[in-house]
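Take a look at this single chain, the form predicted alone, given in C-alpha cells.
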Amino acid sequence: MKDIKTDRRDIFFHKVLALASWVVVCLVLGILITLILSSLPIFKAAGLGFLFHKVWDPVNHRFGAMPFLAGTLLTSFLALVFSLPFSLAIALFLGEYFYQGAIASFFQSATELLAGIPSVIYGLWGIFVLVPLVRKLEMKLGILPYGVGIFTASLILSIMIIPYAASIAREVISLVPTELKEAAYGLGATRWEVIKHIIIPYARSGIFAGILLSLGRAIGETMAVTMVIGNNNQFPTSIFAPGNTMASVIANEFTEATSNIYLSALIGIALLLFLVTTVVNIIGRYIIKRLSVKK
C-alpha cells in the first residue's frame, strides 16, 4: 500500500514539474512572439540595416540600434573585467580560507547586502560620489571631463554584479572534495598550488556559471546605468564618452514614442536585447559543459 501511495506521489510530482516547465516555455515563446510582431514595422521600413545603422534621430524617423548595442556590450564586459578579480577573491576567501565562523558570516552578509541594494541607490551614489572622482581622473588624463559615461556606468555595474559571481563561486569552491586538497598537501603542495591546480580546475564550471549570471545581470540593468551613462544616442568613440544602452534608451524614450514607427523601433531594441541575452546564455552553457569536471 505504501509503495502504491509513493508511486502516485511521484507521478503527481512529475506531472507538476512537467506542467511548470511547459508554462515557462510558453511564457518565453509568448514574450518572443510579442516582441517580433511589435517590431515588424521598423524591420519593414529599415530592414536588417536597423541593427547596423549608427544614427538615432526620431525627429527625422532615422533609427539605428548599433550605438545602444555597442554601449550595452561595452558596459557589460568592462564591468565583468572590473568585478572578476574581486568576485574570485571573495569566493576564495569565504570558500577556502574562512568558510565558517564570525568573519565568514560578516563578509557573507556584507556581500549579500550588495545584491539587495536597489539599483536607484547605486545610481544616486554614482552621481554624487563616483562621477566627481571620474571627472577628476579624466582631467588628469587630458580627456573631456564629462564624469558620466560608459566607464562610470561600468564601474557601477561592476559593484552591482560582484555578489552574483562571488556567491556561486563560493558555494562551488566549498564543495571541492577535502580528500583532493589533503592529498595535494600531503605531496608537499603549498596553499597557492592547491588553489591553482586543484580548487580552480575542479570548480571552474561553477565559477563560470557565476560569471555568466553576473553578465546577464549587467546586460539587463537599467536604472543605475541610466543615471550615470550620460544618455547620449551617438555611437561611443571611447570608454569615457557618454553613451546609452539598450535598456536605458527604452526606459528614457518609451513614453516619448508618439509614432508607431518610433514605438516599433524601441520594441525592436527590446527584441535585440532579448536575443543578445539568449545568445550569451547559450554560449555560456556550452562553455560550462566543456569546463565541467568529468567523473
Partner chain sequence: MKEIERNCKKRLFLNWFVQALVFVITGLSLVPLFFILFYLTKQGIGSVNWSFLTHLPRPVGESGGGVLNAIIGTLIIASLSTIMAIPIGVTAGIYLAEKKTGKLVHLLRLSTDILQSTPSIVLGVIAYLWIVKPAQSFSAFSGSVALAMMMLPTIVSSTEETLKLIPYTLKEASLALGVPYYRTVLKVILPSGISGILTGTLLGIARIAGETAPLLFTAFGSPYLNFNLFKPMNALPLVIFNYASSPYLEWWRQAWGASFILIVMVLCFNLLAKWGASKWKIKF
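By rigid core we mean the largest C-alpha set that fits within 1.5 Å across both forms. Numbering follows the first chain given and starts at 1. Quick caveat: nothing in here was measured; it's all calculated off a predicted structure.
Heads up, the form predicted together with the partner chain isn't pictured, but that's what we're talking about next.
Among heavy atoms of Y122, some come within 4.5 Å of the partner chain in the model of the complex.
At a distance threshold of 4.5 angstroms between non-hydrogen atoms, A247 is in contact with the partner chain in the model of the complex. Interface membership of I287, defined by any non-hydrogen atom within 4.5 Å of the partner chain in the model of the complex, is ruled out. Not displayed here, the partner chain is approached by I267 to within 4.5 Å at the level of heavy atoms in the model of the complex. The partner is not drawn, yet in the model of the complex one stretch among 34-42, 48-56, 64-72, 232-240 has residues with heavy atoms inside 4.5 Å of the partner chain: 34-42. Residues G188, A189, T190, R191, W192, E193 of 168-205 are found to place at least one heavy atom within 4.5 Å of the partner chain in the model of the complex.
With the core superposed, I239 shows a C-alpha displacement below 2 Å between this form and the one not shown. Comparing the forms between this form and the one not shown, the C-alpha position of I261 differs by less than 2 angstroms, with the core used for superposition. CA of A115 to CA of R285: closer by 3 Å or more in the model of the complex than in the shown form.
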